[in-house]
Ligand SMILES: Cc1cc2nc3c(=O)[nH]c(=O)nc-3n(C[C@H](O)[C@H](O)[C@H](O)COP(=O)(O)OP(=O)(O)OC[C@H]3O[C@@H](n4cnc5c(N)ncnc54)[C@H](O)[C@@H]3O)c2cc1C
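A lone chain, given as structure tokens: the form predicted alone.
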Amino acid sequence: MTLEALDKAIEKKTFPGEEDWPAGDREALAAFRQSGVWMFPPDPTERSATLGGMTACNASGARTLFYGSTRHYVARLRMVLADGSILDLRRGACLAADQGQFQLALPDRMIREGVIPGYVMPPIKNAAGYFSQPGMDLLDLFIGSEGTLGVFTEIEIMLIPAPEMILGVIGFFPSESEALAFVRSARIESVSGEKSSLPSRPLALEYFDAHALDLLREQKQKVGPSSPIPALPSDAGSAVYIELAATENSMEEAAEALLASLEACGSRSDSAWTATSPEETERLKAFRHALPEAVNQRIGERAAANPGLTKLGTDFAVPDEALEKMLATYHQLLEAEKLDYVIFGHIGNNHVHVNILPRDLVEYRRGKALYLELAKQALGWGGTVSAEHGIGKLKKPLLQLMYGDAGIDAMRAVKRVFDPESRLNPGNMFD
């Protein structure tokens, strides 16, 4: 089931095979159709993402700032383990002890027992390694385990009421400092304790630095009049995309407050792009998604002359108090190496992506060395090496850097409980 298909089914309230459902389920569906508008909140950029894949990597997206990641909306998992055993686990049914010990009973009455890793996960957006908290729900161990503990065959998800309307705005700023001032004013600050300047907490806060805007300008000029990218203000040195939930009655007030907040931080309200309908919001999202496409095209052109060349994309996040230090360090180190790069992404979670775009393999090697230095900086500020994309096979050294030998050994021990011969996704996260 893809996210796109799931969202359409929820929107239309029609589901494949519903005519053959048991009577009780059809009654529940009839009640659902009379109960208002609902949504599945996780919103990764790739609409072809599958529900199983999203659960396996605990997918998130732009609206994670408000709604959280996929983990928060999974109520039950049915899994096949490596030896063919079936595990059907509902949220709340099995908790680990405060010291980490856990036991799971399988349908054949076999008991699987182990210990949750004892490392402390940073209290920020994080998708690095097995989930670990004292007394945690065992369901969360499997969510985000990157396919290393079991194969999901059924996933029960939770829906929530959808906002009546969503206000989307892209504000343009002369420089990064003004954009950061707006981000600080727009969200509830854990650093200063100040209240948001907006009438409600943002659903999303997304950032584009000056290099990202220049790349979009270049892409628009290259494509010509048929380009879906609108003309960018010539004096824009950075931009922030923001979404607010609203009602028909509160929309005007929300828009006025948002535009006033933009102007207070140096952005002209007459240059902002505003969306109040689903169609307009999709156009703003299309602009946001045009940047990764432009990045891929640029690196693709360079790779044609340099086989094996790829972009280097970071996935680091840091606590609120480190946001300015993180961005300043990124710019300082990247400029010192004279590397081509763009910075964009989920600034509301202090989680922006640096995409290093090497021009040749010499720059690629320098970029890889710098990537490791940036990871060390993020960890030094109490951050994570992966906020949403997970570890996979390529970022294992970063996970080692984050949790050390003891943390990796603890994850290996958990895997042996459910997959002693390492048949499932061998080499993911650790060897």
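Everything numeric here is computed off the predicted structure, so don't read it as measured data. Heads up: residue numbers just count along the shown sequence, starting at 1.
One more form of this protein exists, namely the form predicted in complex with this ligand; it is left out here, but the text below deals with it.
- Proximity of residue 385 to this ligand in the predicted bound form: non-hydrogen atoms within 4.5 Å are absent; the residue sits far from the partner.
- Although the partner is absent here, residue 146 is a contact residue: one of its heavy atoms lies within 4.5 angstroms of this ligand in the predicted bound form.
- Although the partner is absent here, residue 68 lies well away from this ligand in the predicted bound form, with no heavy atom inside 4.5 Å.
- Though the partner is left out of this view, residue 187 does not reach within 4.5 Å of this ligand in the predicted bound form, counting heavy atoms only.
- Taken together, the three residues 175, 210 and 319 all stay farther than 4.5 Å from this ligand in the predicted bound form, as judged by their closest heavy atom.
- Of the residues 95, 151, 160, 223, just one reaches this ligand in the predicted bound form with a heavy atom at 4.5 Å or closer; this is 151.
- Remark: of stretches 361-369, 23-31, 51-59, 394-402, the one touching this ligand in the predicted bound form is 51-59 (heavy atom within 4.5 Å).
- Contacts between 333-348 and this ligand, taken as any heavy atom within 4.5 Å in the predicted bound form, involve only 346.
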